[in-house]
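This document starts with one chain, in the form predicted alone, laid out as structure tokens.
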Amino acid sequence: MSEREIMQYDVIIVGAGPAGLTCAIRLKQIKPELNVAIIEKAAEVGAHIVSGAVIEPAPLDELLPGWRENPPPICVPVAKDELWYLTPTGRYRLPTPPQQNNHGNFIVSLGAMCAWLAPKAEALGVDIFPGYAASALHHTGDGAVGGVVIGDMGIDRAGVPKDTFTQGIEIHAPVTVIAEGCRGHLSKQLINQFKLDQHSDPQNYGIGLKELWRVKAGKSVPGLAQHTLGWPLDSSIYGGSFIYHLDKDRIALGFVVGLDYKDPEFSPFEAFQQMKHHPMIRNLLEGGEILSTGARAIVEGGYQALPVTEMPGAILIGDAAGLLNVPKIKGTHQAMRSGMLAAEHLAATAVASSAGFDARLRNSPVVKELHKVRNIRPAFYRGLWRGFVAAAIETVTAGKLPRTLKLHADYSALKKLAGYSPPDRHWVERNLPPRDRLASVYYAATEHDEEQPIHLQILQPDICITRCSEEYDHPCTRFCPAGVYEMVEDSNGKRLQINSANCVHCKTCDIKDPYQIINWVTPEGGSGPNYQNL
């Protein structure tokens, strides 16, 4: 292959999510002369974005005064909050925690909001390159991050260039801003390379699954934000659902499960489908139609899991750093604030160095907000009701108690089959769409070239057939929401089949695999889901 073409920018931002776009816009507002580029692996901005999402508008007010006169295409003011505890057939109203009081907030499609932000960044002179995956890092001679390498396109499964081969270019800059979201491909490399997490606890994660429905006229109540706890989960599993009522008879329905669950036979996708058959939710959905689906890992570790967010030549912002506020069930305002903070820091240093950003972030309202709620998520390690009591105490004391609970890695919580008996969750027969995970993948509009190299690397495949079979019964076939992993038996014996074309880029496999031998790497640029209004 020939030597790669090189492009030069003042700042490169990896990821066109709320953090990356906000950082770019703020940079150009402060220093219009800077050359700023955003690299986005999705074919279109917003196509890989999935979130609840109820957002706090203060960062948008600061970034784009007057935005309410021309809001994102889905933007419904929250009119009412409800919190319910579900039993298999009934429900009980619970008081809404202060963190989930959404007065003044807006229900949005975060993907649509990012697509709405992108042209505002371009109008300021930001170059946005969708459909190009930053597959590797470029390092300078002294070991600092010096930019990114765009992945080659047109490579077959054996690694051989096809007729359509296009060599990726290198993009160099004094500072690279990593804003690729939860468990990003480059973020993971940088955290390991620079040991950014050596003084923090293991990151905790959840998996969020979401569906957009159009229900029968009159069933939705625009502006109603509902959350549920309880069934179909047992009290040992952290999680719950959200039901956000949009306009045009649409409802955003989602389910979040903490990936520290113990049961090796548990399936988050099946739990989500069960939840939809609760009488409260089934009555809402019957007669409606499903429009789109998606899934994404969510950072839940908060303050204790926050890594160092600077290294020579690069910084981490948004969910790449792990800034989501779990009790609020919100991360967009944190992502946007960290993006603006990064822009202001880089502008003040004339884009010469990343040094000092971590201290600035930790002294900001972004991390102070995380510190206040630091003990709420780990309190639920001991179950729903103990967690609820502990969360109430932490809320009343505003996180001022002189303790900080420790976190453990999600994969380490999974129990082996021997000696473990799962509880009876009273799950029911179901018939609402989608009928299975493959149908859900269809509604996610996921597309990969079948011939491209598999982007789900099994580092020790023999473990899958031997130890994993005996100890856990292949949990990857259940925790993946897209049916990527399948155990098949043919004339050559039992083997793990990877249906990589199904992948929705949620990263759950990279997180929950008990042996930590699954390595998710970015596929060819433009591949993956094409989420619509999620």
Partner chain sequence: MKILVGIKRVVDYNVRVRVLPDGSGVDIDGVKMSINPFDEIALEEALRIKEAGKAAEVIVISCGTDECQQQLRTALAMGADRAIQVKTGSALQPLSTAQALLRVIEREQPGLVILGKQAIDDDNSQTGQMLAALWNRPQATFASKLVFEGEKLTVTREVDAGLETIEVDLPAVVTVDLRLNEPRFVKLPDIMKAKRKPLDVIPLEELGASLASNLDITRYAAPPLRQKGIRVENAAQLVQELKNRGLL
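Numbering follows the first chain given and starts at 1. Just so it is clear, the model here is predicted, and its values are computed rather than measured.
Just so you know, the form predicted together with its partner chain exists too; it's not on screen, but the next bit is about it.
Interface membership of Q100, defined by any non-hydrogen atom within 4.5 Å of its partner chain in the predicted complex, is ruled out.
For T164, a non-hydrogen atom is located within 4.5 Å of its partner chain in the predicted complex, even though that partner is not displayed. For D127, a non-hydrogen atom is located within 4.5 Å of its partner chain in the predicted complex, even though that partner is not displayed.
Under a 4.5 angstroms non-hydrogen atom cutoff, its partner chain in the predicted complex lacks E56 among its neighbouring residues. The single contact residue among K120, H277, R250, K188, judged by any heavy atom lying within 4.5 Å of its partner chain in the predicted complex, is R250. The stretch among 350-358, 372-380, 196-204, 147-155 whose residues place heavy atoms within 4.5 Å of its partner chain in the predicted complex is 147-155. Using a 4.5 Å cut-off on any heavy atom, the residues of 411-448 that reach its partner chain in the predicted complex are, in sequence order, Y442, Y443, A445, E447.
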